[in-house]
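Here you get one chain, nothing else, as structure tokens; it is the form predicted alone.
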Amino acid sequence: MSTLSSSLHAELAALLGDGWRTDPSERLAYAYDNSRREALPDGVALPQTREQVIALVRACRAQRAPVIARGRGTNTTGAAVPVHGGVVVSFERMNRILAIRPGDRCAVVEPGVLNGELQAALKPHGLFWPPDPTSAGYSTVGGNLACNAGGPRAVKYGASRDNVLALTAVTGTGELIHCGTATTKGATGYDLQRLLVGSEGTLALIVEASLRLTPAPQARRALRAIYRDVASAAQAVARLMAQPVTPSMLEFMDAAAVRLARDVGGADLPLEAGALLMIEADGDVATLPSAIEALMRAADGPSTGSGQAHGLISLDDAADETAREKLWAARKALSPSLRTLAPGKINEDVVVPVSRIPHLVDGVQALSREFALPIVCFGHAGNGNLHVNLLYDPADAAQDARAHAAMARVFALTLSLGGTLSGEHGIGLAKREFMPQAIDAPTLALMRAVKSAFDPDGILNPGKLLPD
């Protein structure tokens, strides 16, 4: 039963027409996200203009009704789940690419534009927008900005926060604000556009974004380095990131991930493989070979010959696109293989300093043994951003309890290593109770004060990100 007043229903129906949905079956479609959490909203708003967003926020504020911004619900932390009911604002109808300005390396878009659609529109101009999460084909730019999405390319090109120039947004008071400037340099006041990126809809609703674009590279080549153990792979990551050529991708798989990719996914990997690095470089045709040589030297280490002294088993170079796809087959085989181990998965994206990757992986495997549950680690090694996949049966009460206890210990381990709770998935519901462990009390108080300045009545995505 809806808790919204009849007057608010009438006001939003008049404002939005068929963009106001209250039928239970339609509300159910907006009740969950990729975290598998679910809570039914009281209504769903599908605005088409920023003016409608302003009006609906003001109407909801007058009656203290929660407002939850939503892209396509691909996030894994529960950030788009309306746990306190209220109005879900889906931006699927605000999906226009307003301008592409190649000379300025800038695109202006509405929040409902799909990342993949934007990339397709930019391709004829020889440009791309760097954030490339796994969900890029069907996640929205607004959603990417809300959780500061990254992906494999972030090691060279940065995450969403590094690739936004300006934002137009509606605060919790229904005010339209303009943050940043559509220029590549700016020193005029506070850096509010970067503040809004990663705020998960708790500060304002983004209605327009000016994005920083990057010229598409002419060519790319991949390397696959296989090591006997995680420590050897992590030492290679440190060498790779210390030399002048920045890889465009640097992906890591632990022993469990390698075993899965080989035994279930059918990837061609040796039995003695204890860790794997996928390394990619991009650039112009003339200089790419020298970049690849530099990366190969760093992956192989200071010794000559076979490299056995520091754990390298093999180093393969994909000289053409077919060979590149073959090398990436191991990484692509991994996610489907996880489904064979258990019906449920908790996937959290913790971050540690690169030098601490071995300690994190060793600690996670110790937890796997302690809690008698498989845990598989892979992810973006160049940033120290690893995806910890804890596999269990949610229908088994004992396994469910052990899984959540184990993940709490993973967070504690991450923080003890000087890391942080998330690199690109965000906090949402999944990690908010751990925020006091990651952020000290004075800083949390300042975050709450910022929240209050943008949203004094606390109507924007309540119950997310900041702990009670």
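All residue numbers are counted from 1 along the displayed sequence. All values derive from a computational prediction rather than experimental measurement.
Quick note: we don't show the form predicted together with another copy of the chain, though the next part is all about it.
Between the options G186, P270, P394, G116, the residue in contact with another copy of the chain in the predicted complex by a heavy atom within 4.5 angstroms is G186.
A heavy atom within 4.5 Å of another copy of the chain in the predicted complex is found for one listed residue only; from N383, S335, S368, S139, this is N383.
Judged by heavy atoms within 4.5 Å of another copy of the chain in the predicted complex, the contact stretch among the candidates 402 to 410, 434 to 442, 42 to 50, 23 to 31 is 434 to 442.
Using a 4.5 Å cut-off to another copy of the chain in the predicted complex, each of T246, K451 and F454 places a heavy atom inside that distance. In the predicted complex, another copy of the chain sits within 4.5 Å of a heavy atom of T287.
Another copy of the chain in the predicted complex is approached by G423, whose closest heavy atom lies within 4.5 angstroms of it. Interface residue remark: A13 is not counted as part of the site for another copy of the chain in the predicted complex, having no heavy atom within 4.5 Å. Though the partner is left out of this view, P353 does reach within 4.5 Å of another copy of the chain in the predicted complex, counting heavy atoms only. Contacts to another copy of the chain in the predicted complex (heavy atom within 4.5 Å) from stretch 163 to 179: T171, E175, L176, I177, H178.
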